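The chain below stands alone, shown as structure tokens; this is the form predicted on its own.
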Amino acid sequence: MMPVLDIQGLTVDFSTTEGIHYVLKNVDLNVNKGEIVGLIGESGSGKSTLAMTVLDINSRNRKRSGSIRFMNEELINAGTQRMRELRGRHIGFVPQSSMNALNPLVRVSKQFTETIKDHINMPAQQMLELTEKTLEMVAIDPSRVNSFPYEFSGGQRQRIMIALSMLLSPKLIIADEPTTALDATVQSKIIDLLKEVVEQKHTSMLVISHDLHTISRICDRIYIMYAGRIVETGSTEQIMHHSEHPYTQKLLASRLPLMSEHVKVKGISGKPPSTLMEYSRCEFLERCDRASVICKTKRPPECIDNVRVACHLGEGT
């Protein structure tokens, strides 16, 4: 089966006055038809850069190499016009802090119809009907279509952005931190909604998050990213119950259980490595309590082909 999104060897650097920031390093990732794939990692790991690179956004001072294929079409150097055609129409996007991404002074109906106009020639009445139908799918009352974004709660605005991303039935939706800044109850509802969107629209989804436990509820497969590299990948079952990379294990252990007393949270000590440096050894070395001599002198195997874990301990399998 041809993947909807197939990323191979993606490397992204940014030139700044500080020097070159090495943000993504030889990333392999794919999303199949009808699949929900999670990309998990802490802040600064490169997750959002991957999303922006697929969409060809934030390209200033950027150098990229590798391959990004969408429906078997190569997107590297596809050109500005072609990417504008794909964004919104064939690739939907729920941006980070998306509940604040709507223009507060423009009615919801206009923001939807403008998106439609950018891609499809459609009569005004039909555009309105499509807008109302899509809002109804995310549990927003269609009668509020002419309201302003500031008249909705944060959770409702998040659902409106999800509706906007699925408006034209794209083949792929990229959701970047879709539950950030929402309380636990609303987070749960948004996660359930994302799963419903994939099922109802027969689309595929890449969900980007730092919250492994929350996102795992809807994912078929998960990629763990650290310092711009994929360090572990596998089915949700493998990641949640049989993880091998020390970083993944620490992410799982850092969760604070609900309804528990006197629980000591097991955080991850230290901080991520600088993106200004290139490393010939394991980037997780200083934060790993299981590191050995080889970790200091040799880079772990890359998560490509049949290699599931980028760690000497797991021998890359």
Ligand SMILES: Nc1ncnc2c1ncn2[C@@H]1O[C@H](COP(=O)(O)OP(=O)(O)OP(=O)(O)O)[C@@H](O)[C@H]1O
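For every residue, the number given is its place in the sequence shown, counted from 1. The model shown is predicted, which means the values in this text are computed figures rather than measured ones.
What comes next is about the form predicted in complex with the named molecule, which is not displayed.
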Location of the named molecule contact in the model of the complex, chosen stretch of 282-290, 44-52, 30-38, 66-74 [non-hydrogen atom, 4.5 Å]: 44-52
Proximity of residue 309 to the named molecule in the model of the complex, heavy atoms at 4.5 Å: no
Distance check, residue 96 to the named molecule in the model of the complex, heavy atom within 4.5 Å: yes
Partner contact for residue 275 in the model of the complex: the named molecule, 4.5 angstroms, heavy atom: yes
Heavy atom of residue 10 within 4.5 Å of the named molecule in the model of the complex: no
Contact set, 158-188 vs the named molecule in the model of the complex - heavy atom within 4.5 angstroms: 177
